[in-house]
Every structure is written in C-alpha cells, then in structure tokens.
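We've got the same protein chain twice here, in two forms, each standing alone as structure tokens: structure 1 and structure 2.
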Structure 1
C-alpha cells in the first residue's frame, strides 16, 4: 500500500517515487500494488494516479481533511490498513510522513523502518537500507512482522509513468467519518520571510554544525559577499539553534536548491540535508573529518578547519578581483 501525499487536491511528486519503490518491492517479492490517498478533495488526484500508473487507487476524503493534522490522518489510515492488511505500507520520508508513519505502526503492532534509501536481499531475506551515525555508514534491516510501515527517502527511486495504452486502474471512493478529539485546525499563518533568496541564488555558502559557534556565521557572510549573488544557508541543526532563520534551511524539511556552486562548510552530509542540495551543479565541501559523508556528494573535497580555510578563500577572491577587475562568472 502506497500512501500518496496530497495538498489542495494536487498529487505530490513523491507519489511517483513511492510507486517506484513499490515496483522494486514487487520485483523482489510478488504482490499487488495499491495506492491510498487521503484529503479533503482527492477525487481528481486519485483518478490522475490511477491513469498515470495503472494501479488501483482508494480515495478517502472528509470535510475536515483539507489541511493535514496528525490525529485524523493516523486514525483514518489505521482503519484502512487494518482492513486491507498489506505486507508493506510505503510513506514519504517528509516532515508529515515521519510523523504519522511510526504512530500508525504503533497502533497496528507493525514494524517500522524510517528513512529507507535502498532494498536488497541478504541471505534470503528482504532487507531495507538506511543511513546510520549521521550518514557515516549504511545499515540493513529486516522485519518479522506481518505488516511493515516504511518511510522512503525522497529523490532515490524514480519511475516512468505507465505508457498511454495501459488502462487506468480502478478508483474506489470512500468517505471518512471522523470527529476531532484532541486537535483542530485553526488556520495557517504565512511566515514573514521566505526562502526565495536561497532557491534563486547561483552560489550558496552553507554552514553546518562544524561552524562551531554563531559568531562564526560571520565567516560565511563575508565569503558570500565576495562571490556574485551568493546567499548564506544552513542545515537544520544550525537553524534549530537560531543561528540562521528557517528561511535559510536547506534539506528535506527546508528548501531544495539547485545553485551553480554549493560550498558546504562544516556540514557532515546527513541524507536529510543532502536531499535538499542534490540539484547543485558543483559542490565544494570543507570538513575536518576526511570520512564525512558530504565528501561523497562533493566535486572538490577539502579536509581543513573552515575557520582557517574560509579566510584563505576570501584572500584568494580578493586577489582575483584586484587582478582581473571583473566579477566571477558563475554561469
């Protein structure tokens, strides 16, 4: 069972990736694939998924489901999963998915593996791969429960839509009868800032836990001023500490960016951050740990303390500007 994310009646791109993950499971363990979509008005989205992937779709809607709330989502999905009894429930590893997936698994007594980025067979057992220790190693996990809830990392699995001759899958429509018990939606308040400056920037100087202290953010700001149209961004831990605003966060729960140049300063390279910067065309990573996972994503790897190295970059940029009197071309 693939749980398709939906907002305002529109299908999210993660749905294609989840179906691709389901196809991979199907290749290793025979079984049918079905999609379940929950929301306030999901009929059009359900038909789109059925047409696009030629799979059966269950559309569950209720008047109070226009906005995501964990309590009703968990209640409705628990009821549907218990009725269908699938071997696997596939959820997106997003801020919503990793909230409701473990809660549903706990309610139905299922196994739960979050952040899966691979599937393989090991000694005759189906194993799911995920990162451990901040991305330094990969772990393989198998389950013994009848049903397993899995949250899948975005951007890993890709699929092509079903060719036009394929008939659309059947769509089943259901109405959910749910009454709020502990939570209710009271409104959405737009943040006073947005991430447009980092999503549009051709160069991003990003800082992570290795920056050491909030005072060292000034190093990143100085470097960004040396580079044309550059913006400063950070990992979730930096934003959680208040060193940068959340409008500057890059990652799975922040902004996705695709600059021409991405300079990762003191960033370990956890998958949650990497998912947000994987569109960068050229990556320079600076870290004191030669085994930092970020080096697997970088075009140039520099093992050095950023507090020492950033001033050297500044100095080099200054010499270049004085020698050429021209701005650096990042095209």
Structure 2
C-alpha cells in the first residue's frame, strides 16, 4: 500500500516514485499495489493517480483538513492500514512520511525502516537497504512482522516511461473524521534565504566539517577566487555553526545545485548533503578519510587534509599559469 503524500489536493510528484518502489517490490514478492491518499480535497488527485498508474486508489476525504499534521494523519492511516492489512506500507522519506511512518508502525505493531534506498534478496529473505553511520556503509534489513512500514528515500526510484494506455484503476471514496485535538497548524513560512549566489555559480567550492574552524573558510574563499565565477558553499553543519550563511547551504534542507564543477572539501558525504549536489557535472572530493562516502560521488578523489592541500592546489594552478605564460612568451 502506497501512501501518497498530502499536497493540498494535488498529486505530489513523490507519488510516482512510491509507485515505482511498489512495482520493484512486486517484482520480488507477488501482490497487488494500492494507493491511499488522505486530505481535505483528494478526489481529483485520487482519480489522476488511478489513471496515471492504473492502480486502485483509496481517497480518504477528511472534512476540516487544511494541511498535513502528524496527530490526525497517524490516526486516520492507522485505522485504514489495520482494515486493509497490507504487507508493506510505503511512505515518502520526507518531512511528512518520516514523521508519521514510525508512529503508525508503533501503533499497529509493525517493523519500520526509514530512509530505504534499495531492495534486494538476501539469504532468501527480502532485504531493505539503508544508510548507516553517516552514509559510510549500507545496512541490509529484514522484517519479521506481518506488515512492514517503509519510508522511501526520494530521488532513487523512478518510474519507467508511460506504458501503453491502461484502464484507470478503481477509486474508492471514504470519509474520515478529522479532529486535530492537540496540534494546530498555524501557517508555513518560506525559507527566508536567497541561495542564488550558489545556484547560479558554474563552479562551487564546498566545505564540510573537515574545514575544522571558521578561520579556515578563508582557504576556501582563496581557492574560489582562483577559479572563474566560483562560489563558496557548505554543508549543514558548517552553516549551523554560523561559519557560512544559510544562503550557502547545499543539501536537502538547503539548495540543490548543478554546477559544472563541484569541489567537495572536507565533506563526508551524508545523503542529506549529496542529494543537493548530485546534479553537478564534475566532482572533485578531498577528504582525509579514504572511506568517506563522498568519494563514491566523485570523479576525482584526493585523500588529503584540505587545510594543507588547498594551498598546494593554489600553488599548482599558479605554476601551471606561469608555465602557459612562458610558453606564450617563447612563441
């Protein structure tokens, strides 16, 4: 059972990824896919999902619903899941799904795995793969309960090109009492930061925890000045410490960037950061830890301490520039 994210009556793009994940599960374990969508005005969205994916959809219309809230969402979903008893409940690993999935699992007594980015068969059992230890390694997990609740990492599972026209799946309409007793939604504030400096830059010098101290940001600034139109960016940790402004943050909670060149300096490579830089065309990573996960995301890997290595890059670029100049002079 796929739980479509709540998006004020619209179909959220993550729904497609969750259906793709469901299809992948189906290839390993036979069973039917159903989609469930909960919200204030979900009937149109439910029909659209049924059409697009040719799957049965349950639309749970909840009067008085204006915005996602954990408390009533958990209550409505728990009731629906207990009635349907699916083998798998697939949630998006987002600020919504990651919040409600563990609570629903606890209420129904289901095993729960959050942040799943792969499914495999392992020792004859169905295994869900997820990152551990800051992304240094992936764990393979198997669940023994009748129902398994999974939150699926966004951006991993993609739907194949549209199949030949299929009949739309049936839509079942239900109503739920929506009584947000203890929590109240007040409003949403958009991010107050303008990340255009880094989203527009063709070259990004990005710093992570390995930069060590705020004074060393100067090293990154100097390297950036050597490279045409380069901007300095950082990971969440660096921005949280105030070493760089939040307008410089790359990652899930910051900006997504796609520069021609991304130089990751002292960045370990946790998925929260990596998901914001996967679009980069060429990636150079410098880190002291040869097993840092950022190296899996890099074209060029350099195992060095950035504090000592950044000045060496500057010198090397300088030598190269002089060499070129001399060559021109000789001519």
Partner chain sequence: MKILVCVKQVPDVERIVVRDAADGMAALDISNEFRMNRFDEFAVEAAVRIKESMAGASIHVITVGPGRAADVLKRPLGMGADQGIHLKTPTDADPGPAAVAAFIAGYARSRGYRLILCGSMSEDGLNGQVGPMAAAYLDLPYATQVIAIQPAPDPSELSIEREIEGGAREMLAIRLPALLTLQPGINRPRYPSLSRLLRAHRQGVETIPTETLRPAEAWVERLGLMAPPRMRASQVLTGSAREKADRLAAILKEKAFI
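By rigid core we mean the largest C-alpha set that fits within 1.5 Å across both forms. Please read all numbers here as calculations on a predicted model, not as lab measurements. Positions refer to the first chain, counted from 1.
A.B. asks: Deciding between structure 1 and structure 2, tell me which is the form predicted alone.
C.D. replies: Pick structure 1; the other is not the form predicted alone.
A.B. asks: Answer yes if the CA of residue 152 moves 2 Å or more between structures 1 and 2 after aligning the rigid core, and no otherwise.
C.D. replies: Residue 152: C-alpha displaced by less than 2 Å between structures 1 and 2.
A.B. asks: Can a Cα shift of no less than 2 Å be assigned to residue 310 between structures 1 and 2, given superposition on the rigid core?
C.D. replies: Shift at residue 310: 2 Å or more after core fit.
A.B. asks: Does residue 116 count as moved between structures 1 and 2, where moved means a C-alpha shift of 2 angstroms or more after fitting the rigid core?
C.D. replies: For residue 116, whose C-alpha is compared between structures 1 and 2 after core superposition, the shift is less than 2 Å.
A.B. asks: Please report, in Å, how much the Cα atom of residue 219 moves between structures 1 and 2 when the rigid core is superposed.
C.D. replies: Its alpha carbon moves by 6.2 Å.
A.B. asks: What is the magnitude, in angstrom, of the C-alpha shift at residue 251 between structures 1 and 2 when the rigid core serves as the superposition reference?
C.D. replies: Looking at the C-alpha of residue 251 between structures 1 and 2, the offset is 3.0 Å.
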